[in-house]
Structures are given as C-alpha cells and as structure tokens.
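The data below hold one chain only, encoded as structure tokens and taken in the form predicted on its own.
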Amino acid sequence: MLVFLTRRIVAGLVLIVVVSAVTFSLVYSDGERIARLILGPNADQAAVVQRAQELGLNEPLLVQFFVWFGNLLHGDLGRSFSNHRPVIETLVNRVPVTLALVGLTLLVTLIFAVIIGLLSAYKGGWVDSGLRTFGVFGFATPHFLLAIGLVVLFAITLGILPATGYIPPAKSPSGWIQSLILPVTALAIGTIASASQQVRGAVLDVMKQDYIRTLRSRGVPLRAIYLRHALKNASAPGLTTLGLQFVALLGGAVVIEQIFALPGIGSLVIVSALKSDIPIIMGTVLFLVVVVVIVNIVVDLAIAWANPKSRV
C-alpha cells in the first residue's frame, strides 16, 4: 500500500507542476498586454512598459515561471493586481466557503447515491423505474435551473430558508447550515442522480458473479448479500464516479455561488477574470488542481482498500 500511495503522490505532484506551467504560459504570455489591462486602454505606451518592468513581466517567460514557482515553495503566491493584497490571504478567506459547499455536497451525494442505487438494484420493478426516472431528470436538469426553482419554492413562496448570503459557522452554526441547504441541494440533485445509477449498475453486475450464486445456494439472506458483499465489491465504480463528480462540482460551484451570493472561489474567479487579476487567477487554478489531486488520491486509496487488485 505504501508503494501504491507513493506512486499516486508523485503522479499528483507532477500533474500540479505541469498544469501550473501550462496555465502560467497562457496567462503570462504577453507582459505588456497585462500591464495595459492594469493601467487601462488609454495608458501611455511608456507607462505600460514601465509597469511591465516593475512587475517583472518583461523577463523571459521561463524566468518568470521559475521566480513564481520559487516563491510558491515559500508560500508566496504574489499580490493581487487590483487591491495589492497577498493572493494567499484572499484565498484563505474564500476557500472555506467553497470547500464547505462542495464537501457537504459530496457527503450528501455519497449517502443518498448508495441508498438509492442499492434500493433500485434490490427492489427492481416500479421502484427501480421510478428511481431511474429521477436519475434522468436530475442528470439532465442544469444546476442553475434547480437553484432558481429551490429559491422560488423555499425562500420566496414558503419563506423558510434564506435565498442568498453566507453565515460563517463560527458566527452561527445553525445559520451556516441554513445558508448552505439550498446551494448544496441544487448541486447534489444532479450528482446523486448520476452516482446512484453507477452504484445500481455496479451492484447488478456483481450480483451476476458466480460467488454470489454460491452464497445464495448456501442460504445467505439476500439482504445480507447486498449489504456485505455486493456493495463492497461494487464500490470501485461508484468511488470513481464520485471523484469525477467532484471536478464537476467545482465547475458547478462557480454558477451556484453567483446565484446564492456565496463569497467563495467561484465568485472570486469571475471577478478576477473581469479585472484581469492574473495572480488571483493563477492562485485559484493552483488551489483547484491541488484539491482535485488530493481527492483523486483519497479515492484511489479507498478503491485500493476495497479491491486490492487495483493496487497493481
């Protein structure tokens, strides 16, 4: 297991460096253009050149990347072009909101996808048909439409949940939960629909195996076979889907945070892109890549625990 973990960590570090280099080369390819975006379209050319020199944007791209990466190793992601605050400080204020949104969505997805997938495979018949219909509906409906519908129903019509805003957990745990119920639900419906179908299909495939027939011939209760044997052996496809869903959730969080006015990474990316705040964009990309790598490593470890053959 240690060798398996080491390989995954090394591969993740290589991926972080490669994605950082590619992103850096794309956003820092034209230093004078960046300086002009900062100073405005009417800025004098001499002022643009001077600003580019002050920011080190006139250096060769490779030199700029090594300087940026060296600072990164010391925990320095540079300063924002718009407000001159350290990028790491901005991310620290925004990251907990996005992690709370995506983390709670994954937790809700894991619980309900397993329950729905198992129930669909175990019951069959109209239950299976109804749950599959829900799966198609949830997968096909965009997050923003679900979000708008939830706001209209629970915030405007019933008035039982806040429509927008975010309350930190340190200020009010109950208010924090209430401010995330609608965003998490809007994100979770689609992911639950997709993941539950993967769990259902994987469980049905496992139930066709020879050892399952052996267990049934020995009189092992069907419910115990589903819970103790089929679910564990079918966990690999479900965990893989969950890891892929995490990447999709990060993308969906951009829209959801805008709709519910959550001060997370998604809204930060949009504002930074409009202001051409390159350091913020680079820091955000780096954060997202690191989080995705960590989640994939955790998923790989979970799959390796459930199925030792996957370690090779």
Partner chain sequence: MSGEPAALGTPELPTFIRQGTFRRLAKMPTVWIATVILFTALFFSFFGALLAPFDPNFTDLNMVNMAPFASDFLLGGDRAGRDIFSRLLVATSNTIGGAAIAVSISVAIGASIGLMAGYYGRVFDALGAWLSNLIQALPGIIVLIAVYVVAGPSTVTSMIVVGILIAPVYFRLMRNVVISVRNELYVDAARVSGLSDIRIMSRHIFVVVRAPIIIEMAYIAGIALVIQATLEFIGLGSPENPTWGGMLQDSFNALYISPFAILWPALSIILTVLAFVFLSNAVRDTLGDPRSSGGKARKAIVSTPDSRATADAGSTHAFLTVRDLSVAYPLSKNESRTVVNKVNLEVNRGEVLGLVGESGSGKTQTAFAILGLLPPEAIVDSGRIVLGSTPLLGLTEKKLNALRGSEIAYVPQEPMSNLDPAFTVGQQFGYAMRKKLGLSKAQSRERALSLLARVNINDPERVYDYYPHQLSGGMAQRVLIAIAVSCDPELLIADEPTTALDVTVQAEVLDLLRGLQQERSMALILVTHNFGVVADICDRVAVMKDGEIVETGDTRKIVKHPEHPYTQLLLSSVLDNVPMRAPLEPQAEVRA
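Numbering follows the first chain given and starts at 1. Computed from a predicted model, the values in this text were never measured in an experiment.
The same protein also has a form predicted together with the partner chain, omitted here; what follows describes it.
With the partner omitted from this view, the residue of Leu158, Leu145, Leu73, Ala170 that lies near the partner chain in the model of the complex is Leu145 [heavy atom within 4.5 Å]. Using a 4.5 angstroms limit between non-hydrogen atoms, Ser174 is distant from the partner chain in the model of the complex. By the criterion of a heavy atom within 4.5 Å, Ala140 is counted among the residues contacting the partner chain in the model of the complex. Contact annotation for Val67: none of its heavy atoms lies within 4.5 Å of the partner chain in the model of the complex. The partner chain is not shown here, and in the model of the complex it never comes within 4.5 Å of any heavy atom of His84.
For the marked spot (Ile38, Asn58 and Arg79), a heavy atom within 4.5 Å of the partner chain in the model of the complex is absent from each of the three residues. Stretch 196-204 is the contacting one of 196-204, 181-189, 88-96, 101-109, since its residues have non-hydrogen atoms within 4.5 Å of the partner chain in the model of the complex.
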